[in-house]
Every structure is written in structure tokens, then in C-alpha cells.
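Next up is one chain by itself, shown in C-alpha cells, the form predicted alone.
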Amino acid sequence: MKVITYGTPFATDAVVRPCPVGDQLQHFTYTETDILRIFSCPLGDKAIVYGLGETMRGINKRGGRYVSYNTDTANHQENTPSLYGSHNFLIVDDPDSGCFGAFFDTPSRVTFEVDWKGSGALTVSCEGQGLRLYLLEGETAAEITHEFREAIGRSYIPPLWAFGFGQSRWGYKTEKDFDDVVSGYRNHHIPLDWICMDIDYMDRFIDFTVHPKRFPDLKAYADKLRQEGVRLVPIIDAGIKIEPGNETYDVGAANGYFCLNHEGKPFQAAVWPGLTHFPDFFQPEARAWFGSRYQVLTDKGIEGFWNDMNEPSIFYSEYNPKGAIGRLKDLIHPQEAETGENSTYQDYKNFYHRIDGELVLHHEVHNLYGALMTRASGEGLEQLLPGRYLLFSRSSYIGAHRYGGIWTGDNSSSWALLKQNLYHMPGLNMCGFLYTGADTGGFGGNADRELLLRWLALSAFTPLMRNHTALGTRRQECYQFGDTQAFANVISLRYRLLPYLYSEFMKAALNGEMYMQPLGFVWPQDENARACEDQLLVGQCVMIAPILEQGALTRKVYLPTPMTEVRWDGARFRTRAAAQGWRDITVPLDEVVFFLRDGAAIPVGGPAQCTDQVSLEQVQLLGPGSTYQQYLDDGQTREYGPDHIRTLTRA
């Protein structure tokens, strides 16, 4: 990997390994205007473009236009240009001309046009004062990805319990609400490990507070649920309410830890608690202060958090007080940010950060804000907790993967967004985000039984497995849909497979590998594998081909090599040999089908209702193979490393 510098780039800290300077630009032609640096290269007819992390459309990004400018948009469509994260790494894989990777490292806005409108070219337009362009060469996309992952540093490693099933809903307000969820799952014998606490647990939606009437003794309540095998995972938002007398506000204001407006005063914007200031996460001292505030909750037995609203999301501001009606319009029409009409986009040009003694306009470094909140949280939790912590966030940039995971934002209950969940996984893995997943069943809208079951069958293989939905939607807990046996069947598979899924995740994190990858990464010479958009390799041994169409009980699956078909019906695994090539499979709603690569065997465990009951060590091998290299540790401490590998051999 080599780097070429243009202009005066901002240091993002995304790349942590020293890199030689390139002496000439390869693959791209370069032009420059008053406001843009433009890189362009031709795309061969057979070229696939992988990457770009959290962007819409398929695994192959050809035909799309993508804008790296972190945006709070709840109405995801195929042509939505911007989501919550900016991940400017891509690979052009052309069987005729070769394979290369490129990382456009800048926190400013970047536009990627990938064979847009049939142009036959990749064009990348970068705003801002400068950038670092990292170029990577390799024989395969997998090889290039590994080199990039090594350069950006090890991915965040969560505790074992974070791989359990989580339930969330905006609207759980009281201890009784949470008790009802726990009993609902336990009474129907559906596994559960953690429940998220959305903004209603707070006192008037104020960060680092607890509602005194709803949770009079949060520590005692968290300890009680912990005895039942369930952990609480509270939300933390980016805005700090302007309220003298509140310790978080007082310390932040006294020390100059908030972003500034044009007049040099703390910038004011409204979010859930009303008017707030935004912490200036670009200041190391502000990050340390903010991270230390999590102690309010870790002292109450909390071991995991999710960060939200950190693009940052703005309802209205002191410079743009148009109110909630206009904000709703922005959410429905996020594309107006492209023309500068979106109110939040304008607000991003109305406040500043103090960076190394200089004032820097937020717009110029916008894409780093959420990532630095994640860094502040992760570094704080490293100090506050003796073992691993759960942390996942909404907004991100490459580099945040070292401190926490992400979920893919406020999706909706649709079959299109189920497919998008699958499409997102490889691109995010390429950029270091291994602990990731979508809101299973959809955040907005009303999931029906079929959609939720099919989504769970995919989420059973993603590291972050959370059922989350919005206030005002249908209740989406798995026991709300009549006959619950099918839900118990699907989620129980997750727990049976944890010895394998955890092992493969850890090996991928420690070795800079992919946890979920496209078939074309493994079989780059196979045209059918390269073209496959709806199947993924999970770890090194498992291939998934979930049902993604409404009403479908069958689907076609492509096997690049002979494999073993595995069917889980809630009680036992059934296996049979499957020949190379295309085949039809039938998958009832209460079953999950996946495949093992030729000659593979994977470790599976016994039944469990939570990860406390999961033994990673007491396992059996499933599949025709005779051995498996298992990563095994305690799942809690930070004592992880390559020496934790053991060889499992079939008895």
C-alpha cells in the first residue's frame, strides 16, 4: 500500500500503520477544479466494484451514485445517496486488467459515481482542503482487503454475551415494560441475552441521567435481570442539554468542551431533550471527559451501550429555527442535502471545532464526528470496566471500527431492506466493521410474521443480532406473532452455532480477515460466484443463502464446489451431500438451511436460553470433515490472541 497526498489533508487516524509514499498516481487520471479534486478510471465490462461500506444497492456497486456525507435519513431507498457512515474504501476487481484498491481518506464530502448512467467509468469527486489517497495492489480482492485491514488496525472485540440475541423497542419506559419482555421470551422458551433502553429511561431525555420514578434503583434492577441472564444496554445521544446544575453540562461548559457558533459561543441545536450543545470530540480533553461520564451508568452495573444521533442529528438550531415540521421534511427528502436545501446540511456550516488551536468548520470534517464519539466512548469504557464492553454506534468513519461496532441505522420493515442487510455486510467488513448488523424486522413500519422470521434467519449469522422497532409501530417481539415455535427454532440456531460464529469472528478480528464475504472473494475465477449477490460466506466454512422474497418457500442456490447442506428444524441438524452447481432448496418458515464447504466441519453446542448457558468448549463437530481450528477464550477478558487456538478432532 502506498499513499499520495493532495492539498492539506486532515489527519483522520484511520490508517495506523506507516505507509510508503507513492511516486506517481496509478489507475486514475486526476483533475482539479476550484472546489473539487476528481479521480477517474475506466471500468471494464466485467469489472466488479466492491466496498464503500454502508451504502445502498448491491454488493457490486456498479450503476450507483454514493455520497459520503453522514446523514440521519430514515427513508432508505435504492437511490438514497447517503446513510449514517462514510467508508471511502473500494476495490476494482477486473478479470481482464487486474485488481486494485483505493481509500480516499478525507472527512469532507466525497461523491462516488460507479458506472453511473452507464458511463463505463469510476469517478470520485472530493471536497475539502485535501486528502490522502491510499492505493493497494494485489492478485485478489481478498488479498487487498487483508492488506487494508492490517493497515487500519484491529477491529473492536465485544464480549461473548454481545453475540446473544438482543431485543429493543423505542417505547419501553418502566421496569414493568422490561420485565414483560424478559418473561415473554423466557415463557416461550425463546433465547434472549440483552435488552436496549431507548431514550425513555433518561430523566427528560438528558444524557447520563436515569428517570427517578421509572427506575428508582437502576443498579438493583440491572442486578436482578443479570441473575436472569439478561443485560440492559442504554442509549447515549450526542447532544448535552443546556441546563445549569446538571454536572455533565456544567463541566462541559466550564472547560470549553462544546462546539462553537459563528460568534464564538457554544452552538445551540435542538434534539430530544430540547436545546443542547454538542461535545467537541475533536478535542482530546473533551473526549476523555465525555468517556468518563459513562461511569454514571457503569457504576449501576451497565456493561454495554449504543450511541445514537451522532451524525450529529439536528431537529433545528439557533440559526435555523424552522422546527419539527421542516425537520420531518428533511427526513422524508434527504436527497435535498445534495442541493444544499436540507436544513441540517446548512446547520453543519454553522458551527466549529477547536482543533490544535484553530477553529475548523464542522462541514469540513463532518464525517468524523460520530467516529470520534465512538472513540471517546470506547476509550472511556476501557478505563471504567475491567473486561470487554458492548458498544455500537450509528454514525461512523473508518477508524471507529477499533473502538466499537455499528448498526446500519433506522431501516424499515420491508423485503428490500432485508436484502440490503445482506448487501451491507461484506462492504462493512472490508472497512473493519465486523461487529455489525441491521435492525432485524425493521425499525420503521410494521413487520409481519413471515418477514421477521426470514430476517431472523439472516441475522442469526450476523455478529450483532438485535430486533429493534420504533414507537408507534406494531409490537415486534418474537412472542407477539401467535405460534412462537418457529421463532424459538430460528433463534436457537444462533446459540447452537455460537462456538463456530464466535471463533470465526475472533479469528477474523485478530488476523485482519473478513467474517462475512462475497463468494467472488473466495472463487474469483468462477463467473457465477462473482455474480452472486444473495449468498455469503460466514467465516471460512459456512455459506448462507437466505430466503429474501416475500411468499417464497424455495430458492435457487449456487454451489461453487460440492458442499454439505445443513438443515436445522429446532430439534436437530440434518445433513446431506450437495453437488457443485445450481440447485433448488425448500426452506419452511420454521427451518434454516445453510451449507458447509467441501470437507469442512464446524463446532456446535447444546441448547441455551442465554449465553450464560453456552459452553464454547463442550462442542461436537458438525459436517463431514475431521478437524476444526477453534479460537477459544473466556469471552470476557481482554486476554485474547493467536495462542488461543485449539484443534478439534472428531472422536
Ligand code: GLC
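Numbers for residues come from their place in the sequence shown, where the first is 1. On a predicted model such as this, the values are computed, not experimentally measured, just so you know.
Beyond what is shown, the protein has a form predicted together with ligand GLC; the following relates to that form.
Comparing 281-289, 509-517, 245-253, 305-313 against ligand GLC in the predicted complex, the single stretch with non-hydrogen atoms within 4.5 angstroms of it is 305-313. Screening 366, 424, 87, 394 for any heavy atom within 4.5 Å of ligand GLC in the predicted complex leaves a single hit, 394. When ligand GLC is considered in the predicted complex, only one residue from 222, 486, 235, 195 comes within 4.5 Å through any heavy atom, namely 235. The candidate spot formed by 272, 410 and 468 lies fully in contact with ligand GLC in the predicted complex, as each residue has a heavy atom within 4.5 Å of it.
Among residues of the shown chain, residue 443 is one whose heavy atoms approach ligand GLC to within 4.5 Å in the predicted complex. With a 4.5 Å cutoff on heavy atoms, residue 199 counts as touching ligand GLC in the predicted complex. Although the partner is absent from this view, residue 319 stays clear of ligand GLC in the predicted complex, with no non-hydrogen atom inside 4.5 angstroms. Heavy atoms of residue 170 reach within 4.5 Å of ligand GLC in the predicted complex, making it an interface residue.
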